[in-house]
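We begin with a single chain expressed as structure tokens, specifically the form predicted on its own.
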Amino acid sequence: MTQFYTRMGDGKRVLMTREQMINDLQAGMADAADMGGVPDLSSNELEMILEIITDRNRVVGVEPGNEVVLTYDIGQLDFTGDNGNSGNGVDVGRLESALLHERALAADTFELAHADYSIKPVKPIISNEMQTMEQIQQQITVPYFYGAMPNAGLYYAPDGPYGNPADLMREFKIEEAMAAAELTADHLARDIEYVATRMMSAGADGFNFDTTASAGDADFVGTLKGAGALRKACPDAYIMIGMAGESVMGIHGSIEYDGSIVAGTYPHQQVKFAQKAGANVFGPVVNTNTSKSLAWNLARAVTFVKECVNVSDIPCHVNMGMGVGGIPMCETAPLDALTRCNKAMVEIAKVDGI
């Protein structure tokens, strides 16, 4: 019986038969369709994913004419950070990293980022970041954004001024936990407006809100409000909202944006909120299950993302990297798995970018 090398969700290399992969493809698709209430993939689409996974070449690519735009988050940290931060430990400055991505790695876009990649720690050093943005913009040609995580968790105790909802709920202080989340959402929105508008005034081409809703539904609402304020203040800003997971955690549970509860929403629903906030691009995320195969994870991810693309009125640049988009959860993604997942997202889910 013919077997093919493939991957597990943790990156382990394994051998599987076509029949085993077909079973996993169907199971992964069914999981996404059931959880998100989205349509199944067609039999032809499942067959396309199977052909991509079983391709004997180590690296695969899209057909000519199907190339998409590449957007990046975390900026220069993929060079300068060590292996614990998905980096390579290369000691170069932020200017050098930006120019290397543009001129050596053919990046379509890039972004400036602070080592502590979140809105809150950027606020007290905003003048330094503005100066760096202005200097690099003098030398770079590709669209150059500023990027940061909203990271509402930094506003909770012990790092922030508001009670931690997780601690409060353990004490059965439910109303206090909800109130803390609401205050955090408003505070986050104010800080986003402060940071983002100033970076735009320094010459940024746009702003990338990375890992949105990592701290749950209040994080998502705060980001949406902040992005909306940025859109009003800077009508020409290019706003990217990328998510942290396929479902928004209900830490608050009933907090709303524009009259709708955001907790429990999936990519095809999240993108509608991003559109209302004024985003130009949405980054759907589907998390990888480390105990499942590449076939299972990829079919699940494509099922979610395809429906997101179908209902979206703005471009969708799917988040593809360690632990998302079907790609194994390891710091340096295996090239064989990475290219297969990218190809499937482009040619089956029809994403606008990666």
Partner chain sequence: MEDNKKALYDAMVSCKVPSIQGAVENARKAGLAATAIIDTMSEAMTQVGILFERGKLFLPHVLSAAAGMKNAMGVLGPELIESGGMSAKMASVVMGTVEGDVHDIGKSICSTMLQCAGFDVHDLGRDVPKAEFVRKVKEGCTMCGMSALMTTTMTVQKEVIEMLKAEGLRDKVVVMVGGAPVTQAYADKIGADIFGETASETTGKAKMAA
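Numbering follows the first chain given and starts at 1. Quick caveat: nothing in here was measured; it's all calculated off a predicted structure.
There is another form of the same protein, the form predicted in complex with the partner chain; it is not shown, and what comes next is about it.
263 is the sole member of 183, 195, 263, 77 with a non-hydrogen atom within 4.5 Å of the partner chain in the predicted complex.
Site annotation in the predicted complex: the residue of 228, 160, 253, 81 reaching within 4.5 Å of the partner chain with a heavy atom is 253. Proximity of residue 31 to the partner chain in the predicted complex: non-hydrogen atoms within 4.5 Å are present.
Interface residue remark: residue 291 is counted as part of the site for the partner chain in the predicted complex, having a heavy atom within 4.5 Å.
Residue 249 belongs to the set of residues with a heavy atom inside 4.5 Å of the partner chain in the predicted complex. Interface membership of residue 115, defined by any non-hydrogen atom within 4.5 Å of the partner chain in the predicted complex, is ruled out. Contact with the partner chain in the predicted complex, defined as any heavy atom within 4.5 Å, is confined among 220-228, 117-125, 183-191, 162-170 to 162-170. Residue 174 is the only one in 173-189 with at least one heavy atom within 4.5 Å of the partner chain in the predicted complex.
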